[in-house]
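One chain follows as structure tokens, the form predicted on its own.
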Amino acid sequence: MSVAKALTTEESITTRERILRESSHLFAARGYYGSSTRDIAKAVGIRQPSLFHHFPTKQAIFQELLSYSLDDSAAVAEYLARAGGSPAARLYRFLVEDFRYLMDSPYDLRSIFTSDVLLDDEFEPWGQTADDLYVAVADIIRQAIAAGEFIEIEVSFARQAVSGLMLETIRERSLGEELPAQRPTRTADFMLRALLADRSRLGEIAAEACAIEGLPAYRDTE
């Protein structure tokens, strides 16, 4: 461990986390380009030099939030798209895992999924990660249709329905609403009931989903 890391105090870790949380609220309310490092420092209650001690630029803050929001979700979705077994069960498991992650997030993620910032060159890697995430979810849905587990439906429509449920959960979290602990499984049940060709299989699919092993882990926040 480096001396710098060894000397990192709990206070500095807390300050860094506060910067991320306050930045996420500002980005959601004003947009990425409508928020300045001065605004962020004021919201956190620190001076700009203190903010730059933790993040050299506003871009670095947003990149950290992008990484938190997209990297792990994409890794899990891609793993499940390649896994064996029932694709319906794999979609169910993705929904449970990802909605649990969204519910536990300490950040306001509206700016990540509802803006065009990902089209900018400086955030191109995360734009690609978002595309990879959507492609993986669509692929699982396509596999389930081909296997006869899902009704015949436009894959893009079904994938967008998943995204819509995610955005609603993010919106509710941003308003400080206390979401029921059962939201992830209820969401998976809701989505699968809409897609399954044989709804009587829902319990069987949920059980198979729980048994899937080897998923990449979502990160913990500090």
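Residue numbers here begin at 1 and follow the sequence given. Whichever C-alpha set is largest while still superposing within 1.5 Å between the two forms counts as the rigid core. None of the values given here were measured: they were computed from a predicted structure.
In what follows, reference is made to the form predicted together with the DNA, a form of this protein that is not presented.
Only one of 157-165, 65-73, 51-59, 181-189 lies within 4.5 Å of the DNA in the predicted bound form by heavy atoms, and it is 51-59. Contact annotation: of the candidates 153, 46, 29, 196, the single residue with a non-hydrogen atom within 4.5 angstroms of the DNA in the predicted bound form is 46. Interface membership of residue 37, defined by any non-hydrogen atom within 4.5 Å of the DNA in the predicted bound form, is confirmed. The rigid-core alignment places the CA of residue 67 less than 2 Å apart between the shown form and the other one.
Fitting the two forms on the rigid core leaves the C-alpha of residue 57 displaced by under 2 angstroms between the shown form and the other one.
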